[in-house]
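The chain that follows stands alone, in the form predicted on its own, written as structure tokens.
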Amino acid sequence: MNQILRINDLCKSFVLHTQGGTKIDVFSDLNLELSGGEAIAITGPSGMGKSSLLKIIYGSYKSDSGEVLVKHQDEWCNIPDCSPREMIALREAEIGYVSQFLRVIPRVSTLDIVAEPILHLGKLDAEKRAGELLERLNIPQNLWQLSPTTFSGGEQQRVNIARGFAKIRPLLLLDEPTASLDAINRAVVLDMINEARLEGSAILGVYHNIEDREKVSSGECNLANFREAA
């Protein structure tokens, strides 16, 4: 299989400057490999650093040490060493990310938010793809021209998912994508995750629901194993 992600000896801690410089060790010497078509669940108790690991891979957090290597144009790029320009290129081409929360400019419509990652296809094609995703995720068409800042939490998360899946990238990071969804929409999202995996994406996810995790993951990385070594 085509390997897409390699994590070597990754360490992360936080320093609480408002608490006298207290250091919180998150994980230490974490190693992980992920190939196209594989789906790994990040597990461990709350506060173990699951979301932090995804943010490190996405380049939003800095690690203390170690490597996070992502394949880009047949070369390995180490995320901690990437410049902002390089990180933007990696995100556009290689790394999709569905976070726990939707953060958008208030006056931008839902349709434009979902279509934005694929505007290179042309505005009409991008809007068509965005509309198909919104329809599949049960967002009523009369809401598409509104800002999702007015939506419920579950509706906002479905918009977030639609945007994340607008362009299927080789590496897909999912942070509790089904946590605020009802059973019907949760099933839709799980189907979308499995379809992306079958199309060759490597998927690394955090799942609130154990049953959801088992439906879309072939293995797990338990961060508790790496907290003990810290």
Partner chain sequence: MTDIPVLEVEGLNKAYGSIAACRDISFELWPGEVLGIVGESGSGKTTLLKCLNGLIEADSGSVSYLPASGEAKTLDAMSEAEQRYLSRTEWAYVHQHPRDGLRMGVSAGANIGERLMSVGARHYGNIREQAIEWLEKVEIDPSRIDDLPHTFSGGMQQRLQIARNLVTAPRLVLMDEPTGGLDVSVQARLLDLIRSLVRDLDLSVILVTHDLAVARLLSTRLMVMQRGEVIEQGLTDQILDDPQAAYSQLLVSSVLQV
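Positions refer to the first chain, counted from 1. Source: prediction; values computed, not measured.
The same protein also exists as the form predicted together with its partner chain; that form is not shown, yet it is the one meant from here on.
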* Asked: Within a 4.5 Å heavy atom cut-off, is Glu94 in contact with its partner chain in the predicted complex?
  -> no
* Indicate whether its partner chain has at least one heavy atom within 4.5 Å of a heavy atom of Glu116 in the predicted complex. => yes
* To do: Spell out, yes or no, whether the shortest heavy atom distance between Gly59 and its partner chain in the predicted complex is within 4.5 Å.
  => yes
* Asked: Should Leu124 be counted as a contact of its partner chain in the predicted complex, where contact means heavy atoms within 4.5 Å?
  -> no
* Asked: Counting only non-hydrogen atoms, which stretch in 80-88, 137-145, 154-162, 124-132 is within 4.5 Å of its partner chain in the predicted complex?
  -> 80-88
* Asked: Counting only heavy atoms, which residues in 90-111 are within 4.5 Å of its partner chain in the predicted complex?
  -> Arg91, Arg103, Val104, Ile105, Pro106, Arg107, Val108
